[in-house]
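Quick setup: one chain, the form predicted alone, written in structure tokens, and binding and motion questions come after.
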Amino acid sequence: MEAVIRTNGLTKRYNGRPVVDGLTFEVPRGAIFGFLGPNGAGKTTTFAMLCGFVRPSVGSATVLGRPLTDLPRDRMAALPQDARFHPERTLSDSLIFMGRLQGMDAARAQGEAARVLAAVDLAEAGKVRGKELSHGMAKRFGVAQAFLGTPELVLLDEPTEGLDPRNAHTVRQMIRAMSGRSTVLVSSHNLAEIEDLCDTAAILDRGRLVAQASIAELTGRNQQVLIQLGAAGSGPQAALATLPHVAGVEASPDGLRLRVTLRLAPGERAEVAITEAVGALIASGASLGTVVRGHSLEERFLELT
């Protein structure tokens, strides 16, 4: 797929110390792309370079086919982690102003302002001034301005940080609604959110890329299944070991959890193998608690960082 963002050896040093170190990765067009890493991994610095806020020390990057020195700002939008807004302007006025800067006429700018405010449950807050925003309102307003005009690329740094569950859900729904129309890069510490929201992710550690793959590949959704049993015994493990789609079975010390490694042909769906395994367990008389595909993204993150 065409890469909307492409970096090559991107590096940023402060006082001689690399904060981002030789970073090379690609973000495919149309993806909701997760950008992960522990504190100090270089996520925010990378984000700042891709937005043109900070110049790299070494290396290069292109955004929508243009270099960092000539970013297509009319085709992209960003929400920095600690974004601040004009204290005296109302939310509606700020969005209309941003829309006019994008080249919209007055009528379209007003319509877009109303649309994005409604999308983040701020339809009744158009007259509120920037200095009157609570943390949650400011976060939602930041997401609203980032999606103004449906840009080709949206970069979001911790878009749901500090939001209550309802408002975080609203923001996630807005991001999902953009799927296929815009490419969205989401930097976040919320691994469960990234696992649910994104189709692809990159993981950084100490300024370096340690993994980039689809969420299914990172979590092993199509390679392993963890099955919780109601009672221990050798029968369930033996029933699985003979199946053609099972490459191996590992039991926990108490015998209540089975980690099943799948054997799939190219293009074969994991659901076929999982259904086969569950059927064999039931036929053997085993009682099942839960069936979980792969590892959690959190487990993989902890392994890699």
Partner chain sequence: MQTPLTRMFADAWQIARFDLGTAIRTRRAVVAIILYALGALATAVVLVKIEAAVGDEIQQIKAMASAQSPLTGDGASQLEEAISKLVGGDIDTARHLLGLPLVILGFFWMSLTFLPFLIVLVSHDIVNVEVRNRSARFVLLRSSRSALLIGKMISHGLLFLGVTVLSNLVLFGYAWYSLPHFQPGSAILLLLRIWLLTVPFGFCWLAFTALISALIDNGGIAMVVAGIGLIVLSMLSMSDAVGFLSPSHYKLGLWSPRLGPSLAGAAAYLGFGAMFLAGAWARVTWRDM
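Every value quoted in this text rests on a predicted model; they were computed, and no experiment measured them. Positions refer to the first chain, counted from 1.
Keep in mind that the form predicted together with the partner chain is not shown, yet the notes after this line are about it.
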## Note on the structure
Per contact check vs the partner chain in the model of the complex (non-hydrogen atom within 4.5 angstroms), the hit among 162 to 170, 218 to 226, 194 to 202, 141 to 149 is 141 to 149
### Query
Of Leu185, Leu209, Leu122, Ala78, which residue is found within 4.5 angstroms of the partner chain in the model of the complex when only non-hydrogen atoms are counted?
Ala78
### Message
Only one of Ala232, Met174, Met137, Ala83 gets a heavy atom within 4.5 Å of the partner chain in the model of the complex. Which one?
### Response
Ala83
### Query
Is Leu101 close to the partner chain in the model of the complex, meaning a heavy atom pair under 4.5 Å apart or at it?
yes
### Query
Is Gly52 a contact residue for the partner chain in the model of the complex, using a 4.5 Å heavy atom cut-off?
yes
### Query
Taking 4.5 angstroms as the cut-off for heavy atoms, does His189 touch the partner chain in the model of the complex?
no
### Query
Can any non-hydrogen atom of Glu132 be found within 4.5 angstroms of the partner chain in the model of the complex?
no
### Message
What I'd like checked is whether Glu26, Gln110 and Arg115 together line the partner chain in the model of the complex, meaning each has a non-hydrogen atom within 4.5 Å of it.
### Response
no
### Task
Sequence order please: the residues of 7 to 35 with a heavy atom within 4.5 Å of the partner chain in the model of the complex.
Lys12, Tyr14
